[in-house]
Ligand code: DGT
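Okay, here we've got a single chain as structure tokens, the form predicted on its own, with questions on binding and movement later.
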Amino acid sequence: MASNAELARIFGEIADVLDLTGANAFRVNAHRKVARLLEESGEDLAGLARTDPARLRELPGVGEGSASKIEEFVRTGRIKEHDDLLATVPAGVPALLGIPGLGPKRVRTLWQEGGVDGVGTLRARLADGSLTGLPGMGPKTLKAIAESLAFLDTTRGRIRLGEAMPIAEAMIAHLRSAGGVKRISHAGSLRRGKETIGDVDIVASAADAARLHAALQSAPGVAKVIASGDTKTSVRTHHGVQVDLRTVDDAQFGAALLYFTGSKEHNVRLRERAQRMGMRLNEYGLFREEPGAEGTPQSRGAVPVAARTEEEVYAVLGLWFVPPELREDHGELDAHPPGDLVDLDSIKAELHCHTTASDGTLEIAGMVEEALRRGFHTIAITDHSRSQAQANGLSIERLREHAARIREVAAHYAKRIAVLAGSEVDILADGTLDYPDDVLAGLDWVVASPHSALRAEPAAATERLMAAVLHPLVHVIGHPTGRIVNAREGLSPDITALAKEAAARKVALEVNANSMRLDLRDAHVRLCVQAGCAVSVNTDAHGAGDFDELRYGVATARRGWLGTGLCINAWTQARLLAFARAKR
């Protein structure tokens, strides 16, 4: 049966091949817009094609042609245009678009004039020098492509947090459906909220553990069973991700979850503390040491003093309960509990999002309604500035008209939510902003972000971003490094210097919650906290589904020890609006 994700992949591939073959930009963007709609929609659009095709055609961005393609896929399991387009390019060519710095024009040149038909051929051609002299392929460009390939090699085998979490949740839901589950949780680096994940670890207790192991082997999406035993089963999914299930007695669940969550370094510190207290900690529990006894405590049938929950293990060790995101041996065992650590419930504002005015999928009112549904008291509409032509960035005239429309919507919703008229304004390579000051002064909210020239040296990157921090009309520096997880390294500015100046200037640095960005990263958030710099956690939403990415930004913020006092999205509406007005 067709799924939104499968259809999104197909529409995205159609857009890629159209782009590679030089098709009209309108056709390319129309397919990308439908792909994004499919990714973000909480409604089964294939089902809608079967039951209510008229309403399918009323969705923003879905015209007659796109609706017909969805209906064709529902009927036949294929889209002819997709098949025909794929036949026009070598199978490995579209994958080249995933290499940072290779857009459609350069890939087309590599393919048509350099004989590059995939990543392997590209590596070989770079090594033998045969790409030198191709149009637009000077030494600097070829060096940048080689560096991008080398960067991708360092991330091989790890997937993004936002890719791993849905896999884990789907597997856990399937295991619960098997029946008899007492307790179950994902563990490992995924539970700690790390930006990339190796394997997905699941810990469970159940009335019938064998049933759970059998259920994992037959779960949807499993491509191969790697190993299976009484307490551990490992499978590989069609995504290429290994999923490990470990089952334990329910009385040991807390100790096992603690152990398999890690980190290794945090666990070492816990074990050292236990030893100093005359105890022994392992995945089966916390035990009193028995001088002269042989073997492990569990092999002797010893009863643990704590094992059922993580909380009781920490308590017996005389420690505060350390949240999973903080378990990295960064001084957490010696620290005072951060009572105001930010969490999902504390976020009450979305301060960076896009509508159909630029490259979003919802109108202004649609984004406001979604913010209300999420329980937010404030939303800032921040469509792209004029330099972002590929994202339908707004000219000065369009921006002013758009701001007027936002304020009309804001007046309608005034008793329920504050709606700010803003913009995500490009920080140009020289540090200037994409709109003149008189235009910026007419906005309620300004997010200044780097989108281009992302290979600058650290000193130049710091100077560029510092200019935006010093600008008197800027509220937030959006995704400051411009990195893309597992794809683009981005800028390497001096975050400490930026955070100190931002704190003095009352400018916030952003944690962009989109799991492809998570920028600022966790270590940067910690530097902001140390400098007393405000942080804004935003989804950069382009549609309703993007609000779900908030949890990844919150996890990153928690890993950086961000409290609600420094998180502007957690402030009261009155405090946040005062912060906004102070720049005007």
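The numbering used is simple: start at 1 and walk along the sequence shown. Everything quoted here is computed from the prediction, not taken from an experiment.
Form predicted together with this ligand: not shown, discussed below.
Go through Ser358, Ser263, Thr109, Thr462 and name the one with a heavy atom inside 4.5 Å of this ligand in the model of the complex.
Filtering the options by heavy-atom distance leaves Ser263.
Though this ligand is not shown, can you say which of Gly114, Gly188, Gly431, Pro94 has a heavy atom within 4.5 Å of it in the model of the complex?
Exactly one listed residue reaches within 4.5 Å, namely Gly188.
Taking this ligand as it sits in the model of the complex, is Arg271 in contact with it (heavy atom to heavy atom, 4.5 Å or less)?
Contact check for Arg271: yes, within 4.5 Å of this ligand in the model of the complex.
Answer for Asp201 alone: is it within 4.5 Å of this ligand in the model of the complex, judged on heavy atom distances?
Asp201: yes, in contact with this ligand in the model of the complex.
Heavy atom of Thr378 within 4.5 Å of this ligand in the model of the complex
Judged by the heavy-atom cut-off of 4.5 Å, Thr378 is well away from this ligand in the model of the complex.
With the cut-off set at 4.5 Å between non-hydrogen atoms, does Ile197 touch this ligand in the model of the complex?
Residue-level check for Ile197: yes, a contact with this ligand.
Report the stretch among 404 to 412, 383 to 391, 253 to 261, 169 to 177 that approaches this ligand in the model of the complex to within 4.5 Å, counting heavy atoms only.
Single hit among the candidates: 253 to 261.
Honest question, do Arg158, Arg192 and Asn267 all end up within 4.5 Å of this ligand in the model of the complex by heavy atom distance?
Each of the three qualifies.
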